[in-house]
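Here we start with a single chain on its own, the form predicted on its own, put down as structure tokens.
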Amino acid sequence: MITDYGEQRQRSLIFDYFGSDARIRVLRRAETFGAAVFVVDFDRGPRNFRTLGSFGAGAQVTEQSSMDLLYPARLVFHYERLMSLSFAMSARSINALLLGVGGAAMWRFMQAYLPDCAPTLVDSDETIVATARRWFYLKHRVVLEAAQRFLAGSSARYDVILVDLYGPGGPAEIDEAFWVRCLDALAPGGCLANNWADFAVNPKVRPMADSLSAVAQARGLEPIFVTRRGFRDNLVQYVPTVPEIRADCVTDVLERLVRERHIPDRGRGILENCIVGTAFPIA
């Protein structure tokens, strides 16, 4: 699988994807991640955005994270807004574990709307962390370690655990032992949320999602799956431990998050045109 190309080819791919007026801020290889990553600024009408991206197989440009330069705390990607629902699926939000930093979008959101929730950030690639500090306003300490190793060596408990672990080939390889450690690390009443990108076409995703479901159900917990209809976006899989949080309560969860955390624009249609269920969605 070729994920690195010559710099001239990489720049051409970026301009083809974001437009000829895009401004490339940095382009470099992230060794632990396993591919070149870039930061690009571009405009969409009157809005200005900054995106952290990478290159996948087949010369594919992948957007890892994006920031609205006028409103940095705004979650640009739909899946990020879905992930934010986990803060209302937990009994409380005193602390949170973010596995995978990317462009620090969730950290900025927490700083603005959950300032009373203490985040722990974990990422294995120092180049991506340094990029987030330089270009995406990250000012928080990051534990530079693989997520699996961090969980294996930690006894801390968290109200919310957000898993967003990816490489140039798609989602990181995650086994049952990882999910066991994640659920062990949840505080009573806590909630786990995992982001699955390309879930409709990547054959690796379904077995890993099923593994998380099996680990959860063995503990008497019912996973919840949410994605947009048409399967063009990411899928978010939640494991809430509060018994009252069920698939048919997700709209109430959103309303509570908007009300309690003063989310602007009433959540910007987070659940609009979405499928909510208790099983992995199949096209």
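Note that the structure is a prediction, hence the values are computed from the model and not measured. All residue numbers are counted from 1 along the displayed sequence.
This protein has a second form, the form predicted together with a small molecule, left out of what is shown; the following refers to that one.
Peer 1: Give a yes or no on whether each residue among S86, D159 and E255 has a heavy atom within 4.5 Å of the small molecule in the predicted complex.
Peer 2: Checked in the predicted complex: no contact with the small molecule for any of the three.
Peer 1: Considering non-hydrogen atoms and a 4.5 Å limit, does the small molecule approach L186 in the predicted complex?
Peer 2: No, no contact at 4.5 Å.
Peer 1: Please tell me whether any heavy atom belonging to Q64 falls inside 4.5 Å of a heavy atom of the small molecule, as the geometry stands in the predicted complex.
Peer 2: Yes - in the predicted complex, heavy atoms of Q64 and the small molecule come within 4.5 Å of each other.
Peer 1: Report whether the minimum heavy atom distance between F225 and the small molecule in the predicted complex is within 4.5 Å.
Peer 2: Looking in the predicted complex, residue contacts with the small molecule do not include F225, since no heavy atom lies within 4.5 Å.
Peer 1: Could you confirm whether F33 comes within 4.5 Å of the small molecule in the predicted complex, counting heavy atoms only?
Peer 2: Contact with the small molecule, yes.
Peer 1: Look at the stretches 214-222, 64-72, 38-46, 236-244 and give the one with heavy atoms within 4.5 Å of the small molecule in the predicted complex.
Peer 2: Result for this chain: 64-72.
Peer 1: May I ask you to choose, among V76, C117, A200, A146, the residue with a heavy atom within 4.5 Å of the small molecule in the predicted complex?
Peer 2: Among V76, C117, A200, A146, a heavy atom within 4.5 Å of the small molecule in the predicted complex occurs only for A146.
Peer 1: Exactly one of A112, I94, A172, V205 has a non-hydrogen atom within 4.5 Å of the small molecule in the predicted complex; which residue is it?
Peer 2: Exactly one listed residue reaches within 4.5 Å, namely A172.
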